[in-house]
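Have a look below at one chain only, the form predicted on its own, in structure tokens format.
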Amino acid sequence: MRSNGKKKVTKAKPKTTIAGAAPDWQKTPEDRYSLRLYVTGATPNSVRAIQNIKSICAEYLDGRYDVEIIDVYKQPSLAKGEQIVATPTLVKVLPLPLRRLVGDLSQRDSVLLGLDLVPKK
């Protein structure tokens, strides 16, 4: 403490980050993606959809995402509440707007467009 009774305020230094990634202090809540993937057990389409969304998130969202995988056989009330009529269905909860993508997510360009992500060149 200083003699005048006030605390000395210092600004935190920005953290060093990997090239191309925004430092934590620059990120906004909109940068974080919240996704729900509705699947039906371990069917081939469900397994492909899980693999595809994990691959896309790892490549384009680098730690800025949460993916909740919901098996409609085990949790039918969640699927009913979300009005899921086909599986696999990916629901982008955040950032808004909410979007739904149906299928095994193998058409990467369509998935990136649906998630409002720009394909890497």
Partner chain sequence: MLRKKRKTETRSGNGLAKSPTGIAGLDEITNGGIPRGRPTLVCGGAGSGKTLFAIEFLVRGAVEFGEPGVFIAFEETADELAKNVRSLGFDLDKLSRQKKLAIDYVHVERCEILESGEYDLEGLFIRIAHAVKSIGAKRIVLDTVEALFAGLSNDFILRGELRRLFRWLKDEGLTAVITAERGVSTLTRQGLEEYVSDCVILLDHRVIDQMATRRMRVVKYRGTIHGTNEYPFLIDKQGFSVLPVTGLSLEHQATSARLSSGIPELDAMLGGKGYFRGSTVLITGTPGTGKTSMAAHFVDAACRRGERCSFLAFEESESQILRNMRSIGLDLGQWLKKGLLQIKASRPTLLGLEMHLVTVHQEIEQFRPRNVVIDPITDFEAVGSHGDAKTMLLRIVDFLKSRQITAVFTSLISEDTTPGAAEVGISSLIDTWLLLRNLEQAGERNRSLYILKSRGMPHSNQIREFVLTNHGARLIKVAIGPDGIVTGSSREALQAREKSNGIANEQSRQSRRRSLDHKHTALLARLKALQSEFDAEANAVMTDIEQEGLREKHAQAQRSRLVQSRTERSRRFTPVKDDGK
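Residue numbers count along the first chain shown, from 1. Values in this document were obtained by computation on a predicted structure and should not be read as measured data.
Separately, the form predicted together with the partner chain exists; it is not shown, and the next lines address it.
J.: I have Val85, Arg100 and Gly103 flagged as a candidate spot, so tell me whether each of them has a non-hydrogen atom within 4.5 Å of the partner chain in the predicted complex.
T.: Checked in the predicted complex: all three residues contact the partner chain.
J.: If you check Val72, Ile50, Val67, Leu61 against the partner chain in the predicted complex, which one has a heavy atom within 4.5 Å?
T.: None of the others qualify; the residue that does is Val72.
J.: Considering only heavy atoms, tell me if Ala79 and the partner chain come within 4.5 Å of each other in the predicted complex.
T.: Yes, Ala79 lies within 4.5 Å of the partner chain in the predicted complex.
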